[in-house]
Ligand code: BGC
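The chain below stands alone, shown as structure tokens; this is the form predicted on its own.
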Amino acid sequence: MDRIYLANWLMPSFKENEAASEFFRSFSVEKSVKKATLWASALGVYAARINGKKISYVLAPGWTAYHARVQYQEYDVTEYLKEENTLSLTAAGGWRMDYGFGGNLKVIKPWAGKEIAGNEYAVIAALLIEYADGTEDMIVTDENWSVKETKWRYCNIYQGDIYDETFEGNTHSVKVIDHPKHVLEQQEGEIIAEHEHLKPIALIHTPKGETVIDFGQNMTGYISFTLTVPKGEKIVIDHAEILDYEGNFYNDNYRSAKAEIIYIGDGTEHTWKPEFTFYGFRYIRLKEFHGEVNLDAFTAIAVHSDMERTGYFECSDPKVNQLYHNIIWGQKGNFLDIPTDCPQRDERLGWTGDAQVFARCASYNYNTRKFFRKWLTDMTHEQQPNGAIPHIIPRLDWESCSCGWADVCVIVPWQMYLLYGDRELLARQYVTIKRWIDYMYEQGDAYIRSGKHYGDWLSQDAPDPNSCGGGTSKWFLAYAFRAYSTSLFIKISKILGTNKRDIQEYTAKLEETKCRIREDYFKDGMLTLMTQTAHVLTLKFELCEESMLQAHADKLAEMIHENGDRLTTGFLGTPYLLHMLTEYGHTDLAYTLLFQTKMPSWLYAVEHGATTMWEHWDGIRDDGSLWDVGMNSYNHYAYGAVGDWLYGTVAGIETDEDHPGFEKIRFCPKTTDKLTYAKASLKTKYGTIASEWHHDGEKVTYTFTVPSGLSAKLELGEEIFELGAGTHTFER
């Protein structure tokens, strides 16, 4: 058993008021050390150090369903020990605070203990020292520790940092609290780590006279600077994603999140960076600053969950390559322990709908198996007694569940199965999935016709241009996703070999749902709803009669043409749009949408300087005006779901439901004369798969790589080939 369960929870004995506090204990080591192991956690976030050297991960222990579990981390600290040592844990509130989305939502107070409030923090740790002579020492958090006030005078995930180099804090005794330890669980998810270090690309003096530094990339993380600030004087830095149409600093879209750094100097040079928060930004404004600006003094550090990069895509079109770049950086910026919707404003929450639509693309780009597994565990803990899935995981104090959002509990495990062959995850999540399916049927029309559905979020076909819910009937969408989740549940049940009577029961429920949809929304076999998303989902979820699928695909193509070869889909329709066009013989139109630069389109944002995915198709309009400040993120990955079409259709590395996890490869590239080449690679547990094609105007040359021990099915038009291990070349 890890020794952390022998330790005690410690709190400051004084009121910290969102400042950080440092808990510490000194000890001696007088014998030869064989191994030293530290286990640590916090109700909040912590930074662990031995003899002043940081050993913990970024923003440890991460964000979980705190009422059910708190992760703890294990560190090998053997190399850090000396004869005389100090072990310290500096803690701050982190995600635990009386503040949240819109400035008026509050994180639920889930701490089970009565001695700690929701906006307070505590730490726990155990250090095991194993000596070469076979003896050992244990140091645990207890009444022998001390706690002192720190130079971190304020630490808030949304508002930022106040750090005072001149502050000399007092040392106090600790408060040992009787908080439950059964909530402690070993680290399940990926750690958060520092990644890219970006230097400034420009120093800008705006028309308003502001001093702004441009790092060239919208990102999630924080800045590091090396400066000498006069004693008692301060510098003030705030963050932004964009400049406005006049070239001025703009962060009104952060809403009530200040995202600000206040640093007070002591007259000597220091290198400093945040430790207890993160920022979403491309630009920083030196709101208050002393002396000339030396760009070499500043570095932007990207932080995100430490996932392994597995997928790569490239083609001959630089705009599409920039789109792919934006997809990757959108994922980096929002896969920070949980899949957030955005990293900058007063939100940064685990919205289920965003994760649901992007999970497939995300799992081509990176190995997300461990990342999503951890988040799905919290989803199970947050599932309500009646089976409902909250739309934010970990949840806030909202009690609602929306079609297409709550269905994440089915769709993400299914994608993990397709991409990784993770049958065990299907089994682990089976009860959660079944309880959600049962909830939809037990609630019936009360759920379908509830006012809590977000609809085809941010689509372009809403009657009111300021509406976010889209133009597709929310009741239709609720029925459609009930049908889709039920169909996946039936497949999962067959894979796991569950009770055949259950399969029969839910097969009947699925047919009942489809009959209801056809009764309410179809006439003479055709859908009566004239929206692109309704037709996309009819095709993807097979809601119409099989004989009418092609007619609906043709109608979808007709509607796109009538809209000037532009899409109108939102969060729920966009992920499947190009796939359905390709599947039903409209590949050329799918490529037309990919290369479209008029709004709405993926390349519209690229042409307007985007370096990540935008929340709105028209986050910046052609006239330079911006979407309303109430909801306008420029790092919002949902529309990046198109990336899985780049992998699966353009390059042709596609999943196979009958052979999940690429145990047998399926190559099915669809070429276009708009590209001279396209290529992709994907690292799997079997080895790296690669697909590439070159178009010289007269012929197309294909090259496919199959790892050792695998085989592949190749589909080139009507031709089908079986490939063995090795590299294969074809000309057509």
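Because the structure is predicted, anything quoted here is derived from the model rather than measured. Residue positions are given as counts along the sequence shown, with the first one as 1.
Below: the form predicted together with this ligand, not depicted.
Asks: Which among 67-75, 454-462, 276-284, 322-330 is in contact with this ligand in the model of the complex, heavy atoms within 4.5 angstroms?
Replies: Going through the listed ranges, the match is 454-462.
Asks: Within 4.5 Å, heavy atoms only: does V236 come near this ligand in the model of the complex?
Replies: Contact check for V236: no, nothing within 4.5 Å of this ligand in the model of the complex.
Asks: Given that the partner is absent here, does M631 sit within 4.5 Å of this ligand in the model of the complex, heavy atoms only?
Replies: Looking in the model of the complex, residue contacts with this ligand include M631, since a heavy atom lies within 4.5 Å.
Asks: Is there a non-hydrogen atom of F481 within 4.5 angstroms of a non-hydrogen atom of this ligand in the model of the complex?
Replies: Taking the distances in the model of the complex, the answer for F481 is no, it never comes within 4.5 Å of this ligand.
Asks: Considering only heavy atoms, tell me if D317 and this ligand come within 4.5 Å of each other in the model of the complex.
Replies: Looking in the model of the complex, residue contacts with this ligand do not include D317, since no heavy atom lies within 4.5 Å.
Asks: Quick one: in the model of the complex, does every one of W351, W405 and H636 get a heavy atom within 4.5 Å of this ligand?
Replies: Affirmative, all three are within 4.5 Å.
Asks: Heavy atom within 4.5 Å of this ligand in the model of the complex: which of R345, R360, H304, H535 fits that? Just give me the one.
Replies: Contact check passes for R345.
Asks: Identify, from the list D341, D378, E260, D244, the residue with a heavy atom within 4.5 Å of this ligand in the model of the complex.
Replies: After the contact test, the surviving option is D341.
Asks: Using the arrangement in the model of the complex, list in sequence order the residues of 592-625 with any heavy atom within 4.5 angstroms of this ligand.
Replies: Stretch hits: a single one, E615.
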